[in-house]
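This document starts with one chain, in the form predicted alone, laid out as structure tokens.
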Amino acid sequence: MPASSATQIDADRLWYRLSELAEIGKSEGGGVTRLSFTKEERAAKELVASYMREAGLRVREDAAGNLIGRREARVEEAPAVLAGSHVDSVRNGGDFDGPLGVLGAVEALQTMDERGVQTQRPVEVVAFTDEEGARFSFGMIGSRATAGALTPEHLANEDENGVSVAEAMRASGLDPEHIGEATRVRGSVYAYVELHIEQGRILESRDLPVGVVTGIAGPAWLKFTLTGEAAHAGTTPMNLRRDALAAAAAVMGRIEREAARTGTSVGTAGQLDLSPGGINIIPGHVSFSLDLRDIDEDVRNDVEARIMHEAALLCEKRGVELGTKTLQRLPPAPCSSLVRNAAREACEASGLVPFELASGAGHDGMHLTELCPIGMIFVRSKDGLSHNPAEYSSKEDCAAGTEVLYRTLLELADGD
């Protein structure tokens, strides 16, 4: 690894590419929407593929739609080092969540090419398919496929229009029957490292541009369905109502209370549907989502159990039927000492404090822990905002994070 703290990467080029990519799927209000297997996501991948070729990478797309750019090494058969993220977005999201990791990795490899650096191990940039899960309420499709964990049941998940993942894949020219071809063989990957915005305020509160991630909190996504009785809002006394929305609101209050109790858990009801939806009709049917997370799986599961118990009691008291469905459940993922140590050394070599912090958000690397050692590098987020059009990381911070990524990749690709 270079000992000098001098900047190696081209900050202007990186910023230009981030800005150009951000125009794909941009709304008049400034937010970005690039859902999986849509023309917007396809356009984003095509633009990234052009950057990969400019960086001298060999480009391909696998059976899951993952876009991969490979830089060869002195030992061609050596296990590859992977770096990347995703280019899909939530609805009306920001410019940096995902793209920074992909374009930062492209920039790091282009810098290696321009400086004539040869590594012992190949390095690949991966833009994973559908990390966010915004379209199908089921995410990390590409990384699941890479890890061999994507099942036919997963491909049956549907979007709000009744289109399944499998159908969306076919419409994009992919064959879901061949999804197994995207699986990486154990031993073929040396390590995975991802550059990502923090999506929180910890780095900003410490006035640090970059941090080294210790682990990724495990999310549980659930769907609650409450069925009461639709009735006239003017003629039904309060004590005779079976109001599904009132019951749902009470359950959400318990979610907030139980998640806050631990000091580390977070619980969010991010989606809500109700019917009939009339201003003068008591809601008879309500469904809402729960995103529950903690870095400790036992703590998360205990919070979930208390929420379920409280929800059952509240609904029974109100005469409302309760149904729940698990959409996805992932264990927390610790970052490996191999990648963490390389990233810490890279920070020091770049003249930065090697500060460590956990990730509350989920990331593709969670699915790769059985395949290879994983790790992440965080970049400061202004005001901690993410999944929001106001999401922002400065040009200088993006460059600093990419510099740390560059040095981390050199160590992983050339170290013992």
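This structure is a prediction, so every number in the text was calculated from the model and none was measured. Start at 1 with the first residue shown and count on from there.
What follows is about the form predicted in complex with a further copy of the same chain, which we do not show.
Q: If you check in the predicted bound form, do 19, 26 and 55 all have a non-hydrogen atom within 4.5 Å of a further copy of the same chain?
A: No residue of the spot touches a further copy of the same chain in the predicted bound form.
Q: If the cut-off is 4.5 angstroms on heavy atoms, which of these, 310, 345, 95, 291, is the one near a further copy of the same chain in the predicted bound form?
A: Among 310, 345, 95, 291, a heavy atom within 4.5 Å of a further copy of the same chain in the predicted bound form occurs only for 291.
Q: Just to confirm, with a 4.5 Å cut-off on non-hydrogen atoms, which of 268, 188, 120, 214 contacts a further copy of the same chain in the predicted bound form?
A: Of 268, 188, 120, 214, the residue with a heavy atom within 4.5 Å of a further copy of the same chain in the predicted bound form is 268.
Q: I need the one stretch from 195 to 203, 76 to 84, 111 to 119, 176 to 184 whose residues put non-hydrogen atoms within 4.5 angstroms of a further copy of the same chain in the predicted bound form.
A: Residues of 195 to 203 come within 4.5 Å of the partner.
Q: Does any heavy atom of residue 326 come within 4.5 Å of a heavy atom of a further copy of the same chain in the predicted bound form?
A: It does not: once a further copy of the same chain is placed as it appears in the predicted bound form, residue 326 has no heavy atom within 4.5 Å of it.
Q: How about residue 35 - does it come within 4.5 Å of a further copy of the same chain in the predicted bound form, if we only consider non-hydrogen atoms?
A: Because no heavy atom of residue 35 falls inside 4.5 Å of a further copy of the same chain in the predicted bound form, the answer is no.
Q: Looking in the predicted bound form, any heavy atom of residue 138 within 4.5 Å of a further copy of the same chain?
A: Because no heavy atom of residue 138 falls inside 4.5 Å of a further copy of the same chain in the predicted bound form, the answer is no.
Q: Taking any heavy atom pair closer than or equal to 4.5 Å as contact, tell me whether residue 229 reaches a further copy of the same chain in the predicted bound form.
A: So residue 229 counts as contacting a further copy of the same chain.
Q: Enumerate the residues of 251 to 289 that have a non-hydrogen atom within 4.5 Å of a further copy of the same chain in the predicted bound form, in sequence order, or give none.
A: Sequence-ordered list: 252, 256, 259, 260, 265, 266, 267, 268, 269, 270, 271, 272, 274, 277, 278, 279, 280, 281, 282, 283, 289.
Q: Compared with this form, is the residue 272-residue 165 Cα separation smaller or larger in the predicted bound form, the difference being 3 Å or more?
A: Distance between the C-alphas of residue 272 and residue 165: longer in the predicted bound form, by 3 Å or more.
Q: By 3 Å or more, the Cα spacing of residue 263 and residue 356 differs in the predicted bound form; is it closer or farther than in this view?
A: Relative to this form, closer in the predicted bound form.
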